[in-house]
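Next up: a single chain in structure tokens, the form predicted alone.
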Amino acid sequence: MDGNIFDIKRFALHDGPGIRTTLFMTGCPLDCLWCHNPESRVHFKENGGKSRKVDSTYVIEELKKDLVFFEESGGGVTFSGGEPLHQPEFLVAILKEMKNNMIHTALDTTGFVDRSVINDVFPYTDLFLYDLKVMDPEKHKKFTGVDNKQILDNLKFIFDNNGVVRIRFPLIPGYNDDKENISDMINFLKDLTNSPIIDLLPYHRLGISKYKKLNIDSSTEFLSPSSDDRIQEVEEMLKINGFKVGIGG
């Protein structure tokens, strides 16, 4: 089973529990204005992106090399991108082998995919790292290129079926850090079966150099990260409403 990836990052500490290896897969149906992995987008490949086609057997053997670190630390493999669900058959083939080897799996996803794909990966996914960006559907489409109905519906489905989830909220100044959006997110999450942990991901400028290297204009080139005070304000807003909050994933 062939698929496209752009990196395998070992000894990751912020993509789930323990020491992890993160597989970055190419392709994403979203076009987020603040994307910090532009090399993951298929339509950037012609500008110098480093996507490469690999066989699932090769990837599985590469991931299994770190088994001793997973066992000692309670870690495992995280699938990221891009959007790993953009290549469902390739992803499921690797997920199955990870579970056959008793390796913990985490899926970093936007959730923008047909329900059938969620059903396919659900039995082999120990942890969903699930992005929530913007709650208003029109703003979501304006900032990411797609509507968010499918995203919210799939998240509810995962919770209703007792999936383990950490919400990832990228805090982007001027786009989704307003009180209304955060309140809407809180109200939506409160209605779910469980109260998940929320990872607050403050915007950073590390992706800007990637855009320049790829000769791509970035709409957030002059955007400044949130202040420490603002990050703390949002953190307290979430905690007051009963959520456990992590900073930075």
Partner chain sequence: MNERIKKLREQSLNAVNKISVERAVLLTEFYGSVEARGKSIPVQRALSFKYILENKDIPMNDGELIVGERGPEPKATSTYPEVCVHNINDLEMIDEREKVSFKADEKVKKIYEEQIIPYWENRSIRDIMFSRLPREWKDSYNAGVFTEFLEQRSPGHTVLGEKMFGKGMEDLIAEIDDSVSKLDLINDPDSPAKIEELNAMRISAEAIVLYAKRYAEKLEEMSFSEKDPMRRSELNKMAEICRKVPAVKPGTFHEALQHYWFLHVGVITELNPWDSFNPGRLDQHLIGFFNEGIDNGSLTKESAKELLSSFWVKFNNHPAPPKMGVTARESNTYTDFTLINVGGVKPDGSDAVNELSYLILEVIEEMRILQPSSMIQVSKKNPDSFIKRALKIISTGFGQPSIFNTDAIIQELTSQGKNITDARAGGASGCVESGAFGTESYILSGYFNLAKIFEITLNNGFDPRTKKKIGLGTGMPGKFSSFDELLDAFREQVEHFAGIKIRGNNIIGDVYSGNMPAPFLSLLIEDCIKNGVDYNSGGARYSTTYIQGVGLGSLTDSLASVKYNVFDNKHITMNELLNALDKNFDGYDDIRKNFIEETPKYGNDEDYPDELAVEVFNIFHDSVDGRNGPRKSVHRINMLPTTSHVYFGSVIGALPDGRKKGEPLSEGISPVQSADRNGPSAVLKSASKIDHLRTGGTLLNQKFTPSFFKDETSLNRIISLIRGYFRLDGHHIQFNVVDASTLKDAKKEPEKYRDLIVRVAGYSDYFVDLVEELQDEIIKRTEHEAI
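As the structure is a computational prediction, the values presented were derived from the model and not from experiment. Residue numbers count along the first chain shown, from 1.
The form predicted together with its partner chain is left out here; the points below concern that form.
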D199 within 4.5 Å of its partner chain in the predicted bound form, heavy atoms
no
Can you check whether I19 is within 4.5 Å of its partner chain in the predicted bound form, heavy atom basis?
yes
Are any of the heavy atoms in D153 no more than 4.5 Å from a heavy atom of its partner chain in the predicted bound form?
no
Touches its partner chain in the predicted bound form: K65 (any heavy atom, 4.5 Å):
yes
Contact residue in the predicted bound form, chosen from D126, D120, D177, E71 - any heavy atom within 4.5 Å of its partner chain
E71
Since the chain is shown here on its own, which stretch among 139-147, 103-111, 72-80, 126-134 would lie within 4.5 Å of its partner chain in the predicted bound form, judged by heavy atoms?
72-80
Can you tell me which bits of 187-202 touch its partner chain in the predicted bound form, meaning any heavy atom within 4.5 Å?
none
